[in-house]
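Just one chain is shown here, as structure tokens, and it is the form predicted on its own.
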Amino acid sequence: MSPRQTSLPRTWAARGLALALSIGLGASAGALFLQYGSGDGLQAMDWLRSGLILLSTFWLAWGACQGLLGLLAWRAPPAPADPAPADPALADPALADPLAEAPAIRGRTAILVPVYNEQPAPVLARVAAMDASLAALGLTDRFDFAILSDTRDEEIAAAERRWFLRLVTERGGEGRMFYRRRAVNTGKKAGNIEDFIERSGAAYDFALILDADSLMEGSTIAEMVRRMEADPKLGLLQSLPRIIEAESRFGRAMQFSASFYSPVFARGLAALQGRTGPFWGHNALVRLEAFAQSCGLPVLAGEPPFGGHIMSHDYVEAALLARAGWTVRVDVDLEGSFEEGPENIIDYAKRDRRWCQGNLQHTRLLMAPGLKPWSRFVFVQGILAYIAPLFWLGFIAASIAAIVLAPVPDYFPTPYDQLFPIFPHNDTAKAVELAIGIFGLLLLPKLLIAAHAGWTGRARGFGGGWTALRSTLVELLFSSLIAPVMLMYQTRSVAQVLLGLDSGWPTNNRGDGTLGIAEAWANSRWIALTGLAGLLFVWWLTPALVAWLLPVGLPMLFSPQLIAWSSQRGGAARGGAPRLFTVPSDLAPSPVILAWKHVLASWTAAPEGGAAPPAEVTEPQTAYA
């Protein structure tokens, strides 16, 4: 039932190998750059650039090692065991249980759905679909749903109540489906979950923590509970959510990456983290006893962005569970776990701004007492995820400064002892070798994943070997184009945090994310103008360097067009021939996805009529079991 667990010696061996390889490649890149810079004599700027190359290459190599470890640890996923019923929205509890041979579930689980200014119909339609999926397994008596609202908009809150009553009426959910809205949303999502645990956690053994856009198969939820019941030390079990329902070019590229690359990289991550695994804040099952005893979050001294409530609480909660001796694990083989993603670069950057602040806030927690060494290293990784792009920006700036500060070449260093000039040694070949090596760390893991998918037959779910390879190549090109744009957004995010600016907790934009050129320009003109100014300055300074900067400068210059174009619908493979960025959910949608669409279509095809007035909803104080 549960995947084979990695032993502690193997975990440490994987960590040691990955660290040694990453440090070795980083040091080699730094040394090679020093050889290149020594042609005209080593200057202080050469040492600075060499250090930046070392750090950047280490970070790239660390990511590449996760992909390679994931390929080495790859095992074919089991065949699906949960076929779609004829009418997935009306799943019959009397249907034969495909997991009838599995151990019976003994404990009770609360499925938590935190919402914050979301459109309620799609969210509660997901709850209806998951409840139907559990009903098909005859397990509704083991699972309750709790809709935990932090919504501040009164109109949306009233709609939440109306749609919740419709959900309870249609699904027969009285006594096992609950709704409450907090008067004050202290602590944001983490505080929302904490409030539930304090009020009602004792009534349950486990809690499945979701996001508003989460969707999971009933068989997957049940399997997660069985795995946790089989391992008394398992405190948190994280699934790997796949992005679904993407429509834009940007969204479909992200969806393809999440389905095609992420399982391999996540398997490598699992090999490195072992029992001190990740928590990504949603689509994860927690043991409530462990969570309640271990995961009380402090309020950090001072004001945001570095003080106040902890924003990226999931990393911290995983570290606290590990500190208390509980196992935290990600099981990549768990299928049937889904979420939605941003549909354009602007929405992605807004969400990333919040994550940036949360990760940099972890600098306050690096020396917290009792944490496992690996948990501290995970904090460092999260910080580096936002600091590392600045190394590249610093390298570009230092390279330009090196030209300005370079001494005038001296072709006769000892004029009285030689008759012929001595020209600086041309080490351009070393620079080319270094560039190829760095790009290889970016490209090689993804190309190997594509080759592995073709070899093992996994590519069939992505439209076949040729379509998967073509999607990989286009995704590599697309990610290379948007990388400078994302670099600028991340640089601004880090600068804002360091300047003490708080991002708050903006509402996620869902649905159609199409942007016009005017909106794209309004959100990225500073990037375009920075790119133009940078290229003109380098042209004035030394035209020979412009060609090296075009891969960075041109995407910045045309960022409004790139953002607007990538937000347009990109086409999908839904029942027809496979197209670019085809994913398995296009060719064979999961039953719970079909059920959700069926419910949502039936709900939105007619008015909300028939629902009782908001006042009839259970009051927050008595909303829990």
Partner chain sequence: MNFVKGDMQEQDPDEDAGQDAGQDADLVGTTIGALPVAPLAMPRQVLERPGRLRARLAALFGAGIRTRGLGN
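Positions refer to the first chain, counted from 1. Because the structure is a prediction, the values reported are computed rather than measured.
Separately, the form predicted together with the partner chain exists; it is not shown, and the next lines address it.
Chemist: For the chain seen here without its partner, which of 462 to 470, 270 to 278, 443 to 451, 292 to 300 has a heavy atom within 4.5 Å of the partner chain in the model of the complex?
Modeler: Every other range fails; the passing one is 292 to 300.
Chemist: Given that the partner chain is left out here, which of A202, L532, A230, L481 has a heavy atom within 4.5 Å of it in the model of the complex?
Modeler: By the 4.5 Å heavy-atom cutoff, the listed residue in contact is A202.
Chemist: Please tell me which of I105, A258, A121, L365 lies within 4.5 Å of the partner chain in the model of the complex, judged by heavy atoms.
Modeler: Of the candidates I105, A258, A121, L365, L365 is the one lying within 4.5 Å of the partner chain in the model of the complex.
Chemist: Can all three of E174, E194 and E198 be found with a heavy atom no more than 4.5 Å from the partner chain in the model of the complex?
Modeler: Every listed residue reaches the partner chain in the model of the complex, so yes.
Chemist: So, R351 and the partner chain: in the model of the complex, are they within 4.5 Å at any heavy atom pair?
Modeler: No, R351 sits far enough from the partner chain in the model of the complex that none of its heavy atoms falls within 4.5 Å.
Chemist: So in the model of the complex, does any heavy atom of A544 sit within 4.5 Å of the partner chain?
Modeler: Taking the distances in the model of the complex, the answer for A544 is no, it never comes within 4.5 Å of the partner chain.
Chemist: Although the partner chain is absent from this view, report whether I436 comes within 4.5 Å of it in the model of the complex, heavy atoms only.
Modeler: Answer no; every heavy atom of I436 is more than 4.5 Å from the partner chain in the model of the complex.
Chemist: Quick one: does L320 come within 4.5 Å of the partner chain in the model of the complex, counting heavy atoms only?
Modeler: Answer yes; at least one heavy atom of L320 falls within 4.5 Å of the partner chain in the model of the complex.
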